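What follows is one chain in structure tokens, specifically the form predicted on its own.
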Amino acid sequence: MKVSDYLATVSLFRGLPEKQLDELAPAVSIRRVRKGERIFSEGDKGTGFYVVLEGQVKIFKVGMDGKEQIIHVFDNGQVFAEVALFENSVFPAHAQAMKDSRLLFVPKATFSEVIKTDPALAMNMMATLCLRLRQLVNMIESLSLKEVPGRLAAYLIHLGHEQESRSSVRLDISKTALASILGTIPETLSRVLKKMADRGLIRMDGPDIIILDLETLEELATGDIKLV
């Protein structure tokens, strides 16, 4: 598949005429990264942004105590590191492959030239940035205002929306990674999952979580009830 064909499958570039995709393609490169490989580090100069073609990438911060906090996990077709588009920007967090991955790298200079001439691309980028901001606000709210069961319930509901399913979700990350996203430790996460299962809210089936009581999960996510 040509690079321009890859670009056409990404929501960010949806609506761009083929001619512009062909103009952008020569400056775009495909990068293969192995599981565990660092893509960039916090403080590195932002020279461009990435699209996950295949695989999985985590964006994370490391605290003074060395503890890792995952900010977001990106899967196929998702864009990350858009902060590179802003003048004199540096990456505010680390990026690392969670699986063997293939990434598209789009240089800042080339993208900036294209976006000047195409309002559709500018609107797509604004929509992407707004979605990311909303996700960050929700994460901050969950970490600061909710207990672990509420955070987990909110995450499962969010995952259900992403996977377009109200009856089950698939966890495609490890429990260690999920615990980091939720700001807890794997042992606590396992206890909360078991308690949810014992209360009849969910059922575990390997990497799949079957949602048995969505209404109660939603009440738990909003803080209307507690998991006792």
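Since the model is a prediction, treat every value here as computed from it, not as a measurement. When you see a residue number, it is the position in the sequence shown, counting from 1. The term rigid core refers to the maximal set of C-alpha atoms that superpose within 1.5 Å between the two forms.
Heads up, the form predicted in complex with the DNA isn't pictured, but that's what we're talking about next.
Could you tell me which of 188-196, 44-52, 159-167, 23-31 sits within 4.5 Å of the DNA in the predicted complex, going by non-hydrogen atoms? Looking at the other structure, the answer is 188-196.
Given that the partner is absent here, does residue 113 sit within 4.5 Å of the DNA in the predicted complex, heavy atoms only? Contact check for residue 113: no, nothing within 4.5 Å of the DNA in the predicted complex.
Is residue 56 near the DNA? Define near as a heavy atom within 4.5 Å, in the predicted complex. Judged by the heavy-atom cut-off of 4.5 Å, residue 56 is well away from the DNA in the predicted complex.
The DNA contact at residue 226 in the predicted complex, heavy atom, 4.5 Å: Heavy-atom contact with the DNA at 4.5 Å: present for residue 226.
Just checking whether residue 148 would be counted as a contact of the DNA in the predicted complex - the rule being heavy atoms within 4.5 angstroms. Contact with the DNA, yes.
Quick one: of 203, 61, 175, 38, which gets a non-hydrogen atom within 4.5 angstroms of the DNA in the predicted complex? Flagged contact: 175.
Using a 4.5 Å heavy atom cutoff, which residues in 46-79 contact the DNA in the predicted complex? It's fine if the answer is none. Residues within 4.5 Å: 65, 67.
Flag for residue 205, CA shift 2 Å or larger between this form and the one not shown after aligning core: Shift of 2 Å or more: yes.
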